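Just one chain follows, in the form predicted alone, and it is written as structure tokens.
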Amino acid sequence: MSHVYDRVALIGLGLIASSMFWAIKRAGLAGEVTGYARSAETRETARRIGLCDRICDSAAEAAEGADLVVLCVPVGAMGNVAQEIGPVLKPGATVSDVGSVKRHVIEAVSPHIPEGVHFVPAHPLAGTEHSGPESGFAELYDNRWCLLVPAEGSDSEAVAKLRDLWERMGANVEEMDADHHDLVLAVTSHAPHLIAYTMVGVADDLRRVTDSEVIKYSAAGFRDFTRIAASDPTMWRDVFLTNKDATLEILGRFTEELFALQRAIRTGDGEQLFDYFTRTRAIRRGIIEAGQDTDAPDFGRGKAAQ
């Protein structure tokens, strides 16, 4: 297989970047992959486990001479990293990212991208509750979606090349407008995470239910909340601060639906509850039919999905 890029630089070495590295290696998609993480401990771990061909001690050093630079840091840190690497970016190179919010990232990063360098934001919709350089694995993107959100006036060749990389890493690729992306993700990811954090917080506050009971009886649905609520706190703080409008809109709608269900329960309206649950059950079936989850016990998230 031919390389898509001669040199790829991964800035930030958590789950997403480490999985990108292993997926790139699996399919032979780059000549060399450089990496950088802010913490010396993370860089040391990366060197020890052979993550990246070369670990650098600054973002600029990793990005210099790279044909593709991928920002894999929390969305709140993207602008600062872009500012640091801007001066060393090679003409004709592409800068991309993996952030869960796109409008904010475009506004934060674009001013630091020099003339002649292409900026193609992206967002792979894949993850586990684990984070850090040792959590990555080559199969993370297989049959998952990666959304490309080309900035205005993006070079079509640069977009096509990045699409090729993600497809050869195993992902399905779709292009989307930034604001639409942020609304879609508020529905499919951001609001559900906030709701999961809230439910776990409620259990923590409810002193009449002991810790051992919450842990022992959590197979009933709470378990899935805790899996989501275990995600990286820095990343999620930044997501909500940077996708404020879309998240608040969806949470407003969620609150309205919740009040309607509360009323149905209070008034004993079984018909409304039954109809509502029938409609939502169909959505679950659609997700399984689309190959985005399995109906196996334990939600198909046994050892293989770790």
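Keep in mind it's a predicted model, so treat the numbers as computed, not measured. Numbers follow the displayed sequence, beginning with 1.
The form predicted in complex with a small molecule exists for this protein as well; it is not shown, and the discussion that follows is about that form.
- Do Glu174 and the small molecule share at least one heavy atom pair within 4.5 Å in the predicted complex? Glu174: no, not in contact with the small molecule in the predicted complex.
- Quick one: does Ala82 come within 4.5 Å of the small molecule in the predicted complex, counting heavy atoms only? Ala82: no contact with the small molecule in the predicted complex.
- Message: I'd like to know whether Ala77 contacts the small molecule in the predicted complex, with contact meaning heavy atoms within 4.5 angstroms.
- Response: Ala77 belongs to the contact set for the small molecule.
- Query: Do Ala37 and the small molecule come within 4.5 Å of each other in the predicted complex, heavy atoms counted?
  - Reply: Although the small molecule is absent here, Ala37 would touch it in the predicted complex, with heavy atoms inside 4.5 Å.
- Query: Among Cys72, Leu162, Ala93, Val149, which has any heavy atom within 4.5 Å of the small molecule in the predicted complex?
  - Reply: It is Cys72 that has a heavy atom within 4.5 Å of the partner.
- Non-hydrogen atom within 4.5 angstroms of the small molecule in the predicted complex for each of Ile24, Gly28 and Gly170: Looking in the predicted complex, the three residues Ile24, Gly28 and Gly170 all stay beyond 4.5 Å of the small molecule (heavy atoms).
- Which of 119-127, 221-229, 149-157, 195-203 sits within 4.5 Å of the small molecule in the predicted complex, heavy atom basis: Contact-bearing stretch, as computed: 119-127.
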